[in-house]
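The form predicted on its own is given below as one chain in structure tokens.
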Amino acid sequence: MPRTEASNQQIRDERREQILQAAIKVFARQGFSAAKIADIAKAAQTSHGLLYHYFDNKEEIFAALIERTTHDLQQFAEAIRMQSGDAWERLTWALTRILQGLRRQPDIYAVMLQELANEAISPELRQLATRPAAILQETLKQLIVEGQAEGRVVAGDPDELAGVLTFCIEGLSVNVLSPYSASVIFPKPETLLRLVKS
């Protein structure tokens, strides 16, 4: 029995996702500059030809990863807004989920951070790579502003406080991939929250 268009589309979507997941690992381990299409194809257990059916080059793969990460963070920001409770409870919920995500899949965070400082990628891709961090920082800032109004977050510049939390999260993402990560004590959400607690 021939496959339906819906089943063909599902196969295409799964193959594309397989390529993207492989690319995350390759970019995280090798960096964008050193990574080759051949490395991504090998990690995805697919041929060069089939990979090129989905993406024209590694820049397009990287852009797809950024777009997906941006979309995921936008959804996460919306989920935070929909949480019940006061700003402190929502901030606790958000940091708990972020740290869980870092432990589960640190690669995507590390990829974004590496490429922000990589002069080998185009200015357009570098600019695109700033979007996820900007969404995260803006979401944390909003929670901090609300928490300050409730008296549960320390007084101070909300941008600076959100930046401190964002930098901690970014630093953790790099350390998780380090060969010395086994010796790094991964903080609990409460530890990060002490930085902004009133």
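For every residue, the number given is its place in the sequence shown, counted from 1. Quantities reported herein were computed from a predicted structural model and do not represent experimental measurements.
The following text describes the form predicted together with the DNA, which does not appear among the structures shown.
Contact check at 4.5 Å (heavy atoms) against the DNA in the model of the complex: all three of 11, 46 and 56 pass. Residue contact check for residue 15: one or more of its heavy atoms lie within 4.5 Å of the DNA in the model of the complex. Within 4.5 Å of some heavy atom of the DNA in the model of the complex lies at least one heavy atom of residue 35. Shown alone here, residue 145 lies farther than 4.5 Å from the DNA in the model of the complex, counting heavy atoms only. In the model of the complex, the DNA sits beyond 4.5 Å of every heavy atom of residue 167. Contact with the DNA, judged by heavy atoms within 4.5 Å in the model of the complex, is confined among 131 to 139, 146 to 154, 159 to 167, 37 to 45 to 37 to 45.
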